[in-house]
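We begin with a single chain expressed as structure tokens, specifically the form predicted alone.
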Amino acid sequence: MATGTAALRAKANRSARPIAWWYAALVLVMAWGLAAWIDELRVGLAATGMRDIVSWGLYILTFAFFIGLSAGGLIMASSAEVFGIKALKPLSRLGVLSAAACVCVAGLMIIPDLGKPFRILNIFIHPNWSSPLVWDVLIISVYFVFSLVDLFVLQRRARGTSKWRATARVLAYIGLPAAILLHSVTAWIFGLQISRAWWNTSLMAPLFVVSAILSGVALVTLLALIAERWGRFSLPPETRRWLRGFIIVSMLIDLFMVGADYITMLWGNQPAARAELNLVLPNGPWSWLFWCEWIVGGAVPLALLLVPRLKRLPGSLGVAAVLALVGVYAFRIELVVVGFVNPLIQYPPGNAIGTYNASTSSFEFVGRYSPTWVEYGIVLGLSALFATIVTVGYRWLRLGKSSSGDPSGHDDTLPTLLADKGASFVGGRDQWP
């Protein structure tokens, strides 16, 4: 008996080591992000690469990216219930968990962009209800609370209580339009800027929603594959087929909408819009975004998912999901930064960049933007926070399935059996008493 207990303890310790290293790495990255933010608070926004011409940068484009991830995760989870897609139901809790984590990080991403964090109180003290920014803050707050409630209900439903099944279905019908509204409001922050030809298009909201579905499904797919590889999660073949189909369809629609917008700008040939488009078309200074979006994040993942020989390769679904995320992130960079590079007024002596250097001019005709270590540190730190929330949430909620395929979420694997007998594992339940 003593020998058997010792063997169980040894196996538990071996299982705990990788997750302990993972948490240690996340803590280090978050500490770097905190140090970067402290430096920004000390120096001000001059510590970033943003200036008077390009006044939105890495923070805002990453905010828009995480908002899309959160909306897409909840859309996929709600669709499983609303449209009765049984193959996606095993991913419901994982989708809602990722949605809550993403919207939490997206909200925090705004704070360093303000420079002085207390400025955010002005939105609540003196709200301008005609501003899409106020709409966005309101819908983000409601969406975060809704995600937590939805996750609580899904967790209760997983335990087999019938009354929670009806509640989960009602929340799914609410969550689907709420997720669409969330990303539509974010899109209107850009699309309703009539002075910015790059943004002022009626396609902005539907394009944001489609890219949200694409990126959100890709993220949940990646998380499910990681959980299957290193956790106790099981991804059935039918679920894989639905995920593959979701990514293919949403990616084709996304590329079609972007292409339609490009063609409209080319055909109309309005100077302001054409000047912006020339920046990203081949041979333009920002053309690498075009190749990332259309080739790396478009053609390559589509080939991996559609070509029979390629889609049978091990890891093809995971690689396609990663590349889809790269493509959507490239679109966010293209949307935000390129929209600012050409100033609205380009008359001599140019536009003030907001800083003075004795060796160079303080005025420019075309904006430049390159993120600093402070911006990279804060964004990576908040991304590590997202990974921490998902990791802890996955383990605390026990989202892994049992070896018998029980969809309830209860598992009877070694970690759970030991936890039930008084031993607990990392992530709140991972250390021996």
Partner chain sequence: MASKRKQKRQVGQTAPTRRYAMVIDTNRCVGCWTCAVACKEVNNEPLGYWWNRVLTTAPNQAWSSQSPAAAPPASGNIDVPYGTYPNLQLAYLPVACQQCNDAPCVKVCPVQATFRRDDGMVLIDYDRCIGCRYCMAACPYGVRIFNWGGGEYAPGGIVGYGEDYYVDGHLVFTPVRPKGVVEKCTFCVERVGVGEKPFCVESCPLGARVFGDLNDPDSEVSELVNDGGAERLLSELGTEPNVYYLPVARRVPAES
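Just so it is clear, the structure is predicted and the values come from calculations on it, not from any experiment. Positions refer to the first chain, counted from 1.
Quick note: we don't show the form predicted in complex with its partner chain, though the next part is all about it.
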Practice problem: State yes or no: in the model of the complex, is some non-hydrogen atom of N351 no more than 4.5 angstroms from a non-hydrogen atom of its partner chain? | Solution: yes
Quiz item: If you check in the model of the complex, is G115 within 4.5 Å of its partner chain, heavy atoms only?
Solution: yes
Quiz item: Does Y356 make contact with its partner chain in the model of the complex, using a 4.5 Å heavy atom cut-off?
Solution: yes
Self-check item: Contact flag, S362 vs its partner chain in the model of the complex, heavy atom cut 4.5 Å
Solution: yes
Quiz item: For the spot marked by P177, I247 and L304, is every residue within 4.5 Å of its partner chain in the model of the complex through some heavy atom?
Solution: no
Exercise. Quick one: from L397, L41, L34, V366, grab the residue that has a heavy atom within 4.5 Å of its partner chain in the model of the complex.
Key: L41
Quiz prompt | in the model of the complex, the residue from V374, V29, V390, L45 that sits within 4.5 Å of its partner chain by heavy atoms | solution = L45
Exercise. Please name which of the stretches 248-256, 151-159, 286-294, 185-193 has residues with heavy atoms lying within 4.5 Å of its partner chain in the model of the complex.
Key: 185-193
Quiz item: Can you name the residues of 272-295 that have a non-hydrogen atom within 4.5 angstroms of its partner chain in the model of the complex?
Solution: A272
